[in-house]
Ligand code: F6P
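What follows is one chain in C-alpha cells, specifically the form predicted on its own.
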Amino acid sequence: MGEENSDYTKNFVDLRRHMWIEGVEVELRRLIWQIAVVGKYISAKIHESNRKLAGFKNVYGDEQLALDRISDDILKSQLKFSGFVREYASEELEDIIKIGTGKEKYIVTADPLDGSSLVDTNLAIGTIIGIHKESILDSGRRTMVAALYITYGPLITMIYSAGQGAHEFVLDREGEYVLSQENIRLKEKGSIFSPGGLRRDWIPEHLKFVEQLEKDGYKLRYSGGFVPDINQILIKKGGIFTYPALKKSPQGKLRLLFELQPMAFIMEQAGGLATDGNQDILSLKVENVNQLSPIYIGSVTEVQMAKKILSA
C-alpha cells in the first residue's frame, strides 16, 4: 500500500507542481492558479444554468446570457483581491478598469465565457485569458507573458503557457488540475479545418483557400465555438481554424485582445502560427479594446498556405 502511494505521488503532477518545475515566477504561477480555480466556480454555474437569457446586450450588441455576466463578475472579483492584477479588461465591459492599487505586476484580459450561446445545445464552451506585464493598448510589441483557456465539456480541461511550451491539464474528481499532456507540439501539417462565417460572405481569396483545403482532402470540423475548435486542433496535433475578413465585415468577427491574442500565444508555443492573413496576430497593434481581426491559426503548412493565397 505504501509503495502504491509512493508511485502515485511520484507520477502525479498537478498544476501548481508543474509550474514550480517549469520555473514560472512565483507571482505569475499564483495568478494562473487563481484563475484556474475560478474555472471551477464558472463550471459549477454552468451546471446550474437554466438556459435563460438575461435580457441584456454587451458592448458589441450581442445578446448576453446570465452566465456571461456571472462569469465576468466571478473572475473580476477574484482578481480584484489577488494582489497581482492592476488592470482588467473583459469582453463584457466597455473599457479597461483598474482593480488593484496600481503597483501590481499584471494586466489580465478575459473572455469569461466564450461560446455561451451554445449552452442550450450542450456543446463545449470555454474561458480565455491573456496575462500581460505592459500596457495592452497602442503597442506593436508583444506584451503577453502567459495565456490559458479552460474548456467546459465532457471533461474540464485547461491548456496554459507561460512561454515555455503549451501544457494540458484535466480537472479530476478530487478537484485537482492534473497534467495530461506536456509540451504539446503540432505536426507541420494537419488534416482538419474549421471555417467560420457564411460561405456566401467570404472574400474571393478566402474562398480559394478553402477550396484548396477541400481539394486536398481536409475534413470539416466546426462547432461554432472558438474554444472547442482551437482545442481540437491542439489535441489532434494539427489543422487550421479561420474566421476571415468578410465582404461586409473586413475585420472579421473575433476580438483581437480577448480571443485571438491569447490563443495565438498558446498556438505559437505549440509550434503553430497565427496571422490575420498578412501579419502575425501577436504583432498587431491594439488600438482599442473593441478591435476585431481576421484569423488564420493552426499548423504551419496551412497558415503559410493561407498567407500565400491571400497575398496573391
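Note that this is a predicted model, so its numbers are computed, not measured. All residue numbers are counted from 1 along the displayed sequence.
Keep in mind that the form predicted together with 6-O-phosphono-beta-D-fructofuranose is missing from the display, and what follows is about it.
- The shortest heavy atom separation between residue 68 and 6-O-phosphono-beta-D-fructofuranose in the predicted bound form exceeds 4.5 Å.
- Remark: residue 209 does not count among the residues lining 6-O-phosphono-beta-D-fructofuranose in the predicted bound form, judged by a heavy atom distance of 4.5 Å or less.
- In the predicted bound form, 6-O-phosphono-beta-D-fructofuranose sits beyond 4.5 Å of every heavy atom of residue 265.
- The shortest heavy atom separation between residue 190 and 6-O-phosphono-beta-D-fructofuranose in the predicted bound form exceeds 4.5 Å.
- Shown alone, this chain has one stretch from 251 to 259, 39 to 47, 25 to 33, 279 to 287 that lies within 4.5 Å of 6-O-phosphono-beta-D-fructofuranose in the predicted bound form by heavy atoms: 251 to 259.
- Of the residues given (224, 153, 83, 165), 224 alone sits with a heavy atom within 4.5 Å of 6-O-phosphono-beta-D-fructofuranose in the predicted bound form.
- In the predicted bound form, 6-O-phosphono-beta-D-fructofuranose lies beyond 4.5 angstroms of every heavy atom of every residue of 157 to 188.
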